[in-house]
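Presented below, as structure tokens, is a lone chain in the form predicted on its own.
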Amino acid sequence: MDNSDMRSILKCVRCGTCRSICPVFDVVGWESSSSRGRMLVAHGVSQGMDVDQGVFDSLNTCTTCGLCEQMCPSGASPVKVIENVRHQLVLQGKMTEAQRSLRSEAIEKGNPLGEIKDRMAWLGDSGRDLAKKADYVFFAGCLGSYRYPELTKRTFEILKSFGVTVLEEEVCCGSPLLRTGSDPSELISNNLQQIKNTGAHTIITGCAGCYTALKNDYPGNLDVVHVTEFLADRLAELGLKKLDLKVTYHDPCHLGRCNGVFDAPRQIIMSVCDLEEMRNNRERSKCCGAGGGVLKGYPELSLDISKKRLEEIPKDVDYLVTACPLCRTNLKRGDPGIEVLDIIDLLEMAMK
């Protein structure tokens, strides 16, 4: 454990603020499932404590949503500590089967979903006359490519009109590995080389996980924007009409709280319909429950967190809108009867 992690652990004054806001503790209720408890577990691991299933469950049930860090009165950084301890344990060969599976699938197949089909099949006829060089490149992401191909194609069709191209041999951004303790350097090198080949100065993505990885974990200070940021600056060129709808918006943790992208999604929504906020929004938005490897490793816990978040939906809205495919997936799991839209779906409704 490095000095910055130890300083962060020592900053924790055990006040318990994190217990009142942690989405995992809200479901599980054990001290070890709060950030305060995890900091104690991380310290124990650094002092040579045996790593058993209880330690794995404590460290690996963190969704890395960052709400504890946002609200911590003493300025501790539990998420960084937890991610670093996960990494140190993986280096020692100590990991769960879920961590091992994520790593092997991502490295061997280029995505953590285990898909072997053509990643760029979503392009369809949009792949004709793709520019080899461009100022902007669209990073589709794994979920976009394999789970939401139609949405991803429609997103690119909008972006293409602004001179955006794609990475034809894109692989996973590496975020799932970064959050669960593994080394994504091979994936990062692959993507960086392709970005360099296009000559692009800006990368656009519609996934919160891809966004935070590309922006904060890739070398070279890449200019990374979320698709909502890119399109919010070009609304006048989209020919939008007003919709007779009221929606609410779920802030993805790794887009909003962790990177400060709050206004662009709301600007798009309010340009086409009415917005009624969820009870906890912006910096205080609650996690959907999917991040940090929790959906993969603890699917029932992830589902329970999703259900808690859905309790905050205002009762008189037509749709729940979000700007991340992972959030969309898990919120839909929480209640299949609730219509969850990607913000591009909403935008397209206003473009017709």
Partner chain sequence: MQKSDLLEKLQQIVGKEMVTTSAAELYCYSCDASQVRGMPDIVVRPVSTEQVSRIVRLAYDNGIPVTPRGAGTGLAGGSVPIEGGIVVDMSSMNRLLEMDLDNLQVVVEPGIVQEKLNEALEPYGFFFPPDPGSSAMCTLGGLIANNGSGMRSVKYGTTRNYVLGLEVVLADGTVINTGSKTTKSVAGYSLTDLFVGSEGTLGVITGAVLKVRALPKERSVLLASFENPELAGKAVVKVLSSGMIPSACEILDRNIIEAINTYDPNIGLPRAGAILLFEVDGTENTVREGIEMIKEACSSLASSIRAASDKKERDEIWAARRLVGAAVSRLDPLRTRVYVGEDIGVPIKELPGMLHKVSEISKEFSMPIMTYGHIGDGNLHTGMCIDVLDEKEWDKLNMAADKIHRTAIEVGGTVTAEHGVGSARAEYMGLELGKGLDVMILIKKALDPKGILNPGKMGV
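Owing to the predicted nature of the structure, the values given are computational and were not obtained by experimental measurement. Numbering follows the first chain given and starts at 1.
Missing here is the form predicted together with its partner chain; even so, the following discussion is about that form.
Undergrad: Lys352: heavy atom within 4.5 Å of its partner chain in the predicted complex?
TA: Although its partner chain is absent here, Lys352 would stay clear of it in the predicted complex, with no heavy atoms inside 4.5 Å.
Undergrad: Indicate whether its partner chain has at least one heavy atom within 4.5 Å of a heavy atom of Pro336 in the predicted complex.
TA: Pro336 lies outside the contact set for its partner chain.
Undergrad: With the partner left out of view, is His43 within 4.5 angstroms of its partner chain in the predicted complex by any non-hydrogen atom?
TA: Yes, His43 sits close enough to its partner chain in the predicted complex that at least one of its heavy atoms falls within 4.5 Å.
Undergrad: Answer yes if any heavy atom of Asp318 is within 4.5 Å of a heavy atom of its partner chain in the predicted complex; otherwise answer no.
TA: Looking in the predicted complex, residue contacts with its partner chain do not include Asp318, since no heavy atom lies within 4.5 Å.
Undergrad: Within 4.5 Å of its partner chain in the predicted complex, counting any non-hydrogen atom, which residues from 135-169 show up?
TA: If the 4.5 Å heavy-atom criterion is applied to its partner chain in the predicted complex, 135-169 yields nothing.
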